[in-house]
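Here's a solo chain for you in structure tokens, the form predicted alone.
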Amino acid sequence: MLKDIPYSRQWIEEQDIQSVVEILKSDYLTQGPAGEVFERSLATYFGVKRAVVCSSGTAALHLAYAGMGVNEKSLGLVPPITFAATANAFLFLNAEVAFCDVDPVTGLLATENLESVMQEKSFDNSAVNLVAPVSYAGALAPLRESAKIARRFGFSLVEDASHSPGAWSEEEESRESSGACEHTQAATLSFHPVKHICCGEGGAVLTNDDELADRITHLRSHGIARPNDPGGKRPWFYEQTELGWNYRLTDIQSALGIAQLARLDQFIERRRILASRYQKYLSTAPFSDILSLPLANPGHAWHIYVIRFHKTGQRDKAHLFLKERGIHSQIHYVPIYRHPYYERHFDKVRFPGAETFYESCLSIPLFPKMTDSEQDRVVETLADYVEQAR
């Protein structure tokens, strides 16, 4: 019997296991030195001044928004093709959320619609207002153009880079990289098992702003501070200066993250090889008769490989066809505004680009540990579906 193929999964090797075992045998399972080592390593890799690790990608978004001063007067603009956390983190802070459309081909934020929404939407100019472009699937969001538009309206940018470590733009002369904060005040990462770096759970905020990093670090641990203690009379003393959260990453997770980060380039290269094989095999007939492939560029980090079906209904049929044959796929994503919570609390909206993308998209298996033979089986099974569907 053939083994099921997941749409994604982690790659854990002996060095990962040993790094965790070493922490388990050490004095610190949390709040020890491993977290700071991981932060310095991340900052070096992404070329930023600071990295602050935390308990999840959602916590990273929450901390980034809170650290920048988002509150009940703020407006957060979010593309609907993303995981709900990109928007939810604004709601955690009682901010208003509004959506802007995406390109129906790439799923990336449509800058022309971003500008239209900003022109039409009323907001408090005195508040901290943010745009959260999502570097979806591993392709870099239009950060430079989004930043130009945002500046004209007094907005700041936080890149949701959960899908895109190692991604960069196509422009050779003015190349920009995901997470480098060249056009954003901060960027956030996720260390969920299906992401590029696996910590089990975890996340990080990247920034070139020391003051912002210090504030996020403070909020990450309950808002508690240890004041200066001249003469060491009360070394035990601490005080909570504001309301924060327990969003710390353990040393166990940090050790795993350090080991994973050391192999990140290897993981990304394997993802690119697999994506290139898909591009080669699926770009010709009969596949091209019923589906389209993602736009590829050398800097794509390929978190997921998303195909799009030409006719409504084919996506769901293909998903079930593959599942019945032990091949798991996923839909990334149901537009946030379609979720029942958002429909209960917000005006019902539909965006044409997001709707077109959502109705057609299917993420087929792609992960660094995937073998060529597993990928061949996915292609062959998809070919069986295409033959049936023609």
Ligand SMILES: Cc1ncc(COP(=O)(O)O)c(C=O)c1O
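Being a predicted model, the structure only gives us computed values, none of them experimental. When you see a residue number, it is the position in the sequence shown, counting from 1.
What comes next is about the form predicted together with the ligand, which does not appear here.
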| task | Tell me the stretch among 80-88, 279-287, 140-148, 266-274 that has any heavy atom within 4.5 angstroms of the ligand in the predicted complex. | result | 80-88
| query | Of these, 130, 134, 307, 118, which has a heavy atom no more than 4.5 Å from the ligand in the predicted complex? | reply | 134
| Among 254, 162, 178, 184, which has any heavy atom within 4.5 Å of the ligand in the predicted complex? | 162
| Any chance 61, 202 and 333 all have a heavy atom within 4.5 Å of the ligand in the predicted complex? | yes
| With the partner left out of view, is residue 57 within 4.5 angstroms of the ligand in the predicted complex by any non-hydrogen atom? | yes
| task | With heavy atoms only and a cut-off of 4.5 Å, decide whether residue 207 touches the ligand in the predicted complex. | result | no
| task | May I ask you to check whether residue 195 falls inside a 4.5 Å heavy atom distance of the ligand in the predicted complex? | result | yes
| message | Only counting heavy atoms and a 4.5 Å limit, does any residue of 262-299 reach the ligand in the predicted complex, and if so which ones? | response | none
